[in-house]
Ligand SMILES: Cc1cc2nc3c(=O)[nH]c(=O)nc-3n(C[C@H](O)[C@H](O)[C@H](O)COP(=O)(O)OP(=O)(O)OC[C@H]3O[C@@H](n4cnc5c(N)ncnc54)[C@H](O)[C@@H]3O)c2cc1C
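Presented as structure tokens, the chain that follows is alone, the form predicted alone.
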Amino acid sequence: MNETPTARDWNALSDDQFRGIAAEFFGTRVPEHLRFLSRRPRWAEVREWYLTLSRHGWLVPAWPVEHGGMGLSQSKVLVYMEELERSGAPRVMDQGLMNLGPVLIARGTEDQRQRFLPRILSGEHLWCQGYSEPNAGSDLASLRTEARIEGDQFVINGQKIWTSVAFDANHMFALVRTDKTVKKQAGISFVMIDMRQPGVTVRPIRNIAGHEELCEVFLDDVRAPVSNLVGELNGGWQVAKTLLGFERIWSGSPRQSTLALLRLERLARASGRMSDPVFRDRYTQVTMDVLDAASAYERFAQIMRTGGSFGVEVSMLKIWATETCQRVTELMVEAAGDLGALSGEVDVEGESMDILYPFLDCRAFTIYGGSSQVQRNILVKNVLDLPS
């Protein structure tokens, strides 16, 4: 392809036409050595792939064209994600792409958009999310990291935890407490922090699969200009809910389940399990589960596509998608037999694949972004009108 995506109206194409173009783009441009990685890659490994996406205008499918995105409708964003996952493309540093960018477009000032969005696209600013704390996970409003104002700057002290790939990030968007005299949700602000300064300490945490992906971050008299406040002072809870809406839509996407299903199919064909009628029956069931999750996601996408909005019902989508992914990986480990208990790449009739890591990795899916228990409580209280 010789033209960049921003040079044409992608939404004028049918979804099938766009799928063909996306499949060609990812199929020919994803570096072979980065396909179907069984771990979260480091920035140094995926930097060139990130910049390739940026140069061709394929980095942020959902951002508006005027901000450097493709401006895709939600149905085409779903096609984009399906073909991206089908190609085995690695995950990049995406907190700026998927979360902060949309928040700045929706809630930021024009100055903030001009300062930060181009630097996200260029890979100059690599963002992590400073939300959870040791005593504020699912109960995020209990956070204790404080920020006081001195002149035109915030001075921030506290600790964040479970911060994905913070060791490669140079910026953090964080929720901080700016007023302790009001109810806990009312005294929180959303602040962007440059991590390239004294007082920022990042310590990796080894996950259940033995990889270092999560981190704890200590902030000791760290400074951020007041101009880095997104939304109103003490209005961070509303900004956070906007971002959590984006996050739950993304975590409710069928992309992880689709990728897990592709891996299961590879395993089944390599091992000959597809000839087993019992396995084939179970494989058909999880395939239908993934299709059901995709259908639910598309219904939410249609609401967004027609300019509508949704509230607490997005919790259902997150539960559905994340628990479906877990069922697919559980079947993969079971189908692999003894090989399913081995860490790292294993040989399955000449096919090299990591069977255990996807199973371990998706254990966290029902925790981050609000655990399944929290999501069910939200639905019980706000949809069913029952006491939680």
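Throughout, rigid core stands for the largest set of C-alpha atoms superposing within 1.5 Å between the two forms. Fair warning: this is a prediction, and the values are worked out from it, not measured in the lab. Note that residue numbering begins at 1 and tracks the sequence as displayed.
One more form of this protein exists, namely the form predicted in complex with this ligand; it is left out here, but the text below deals with it.
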| query | finding |
| --- | --- |
| Contacting member of 253, 145, 87, 132, with respect to this ligand in the predicted bound form [4.5 Å, heavy atom] | 132 |
| Listed residue (95, 74, 112, 258) with a non-hydrogen atom within 4.5 angstroms of this ligand in the predicted bound form | 95 |
| Partner-proximal stretch of 267-275, 157-165, 227-235, 195-203 relative to this ligand in the predicted bound form, 4.5 angstroms, heavy atom | 157-165 |
| is_contact(residue 214, this ligand) in the predicted bound form, heavy atom dist at most 4.5 Å | yes |
| This ligand contact at residue 25 in the predicted bound form, heavy atom, 4.5 Å | no |
| Non-hydrogen atom contact residue 118 with this ligand in the predicted bound form at 4.5 angstroms | no |
| Exercise: residue 242 in contact with this ligand in the predicted bound form, heavy atom 4.5 Å | no |
| Every residue of 14, 18 and 21 near this ligand in the predicted bound form, heavy atom within 4.5 Å | no |
| C-alpha of residue 323 off by 2 Å or more between this form and the one not shown on rigid core | yes |
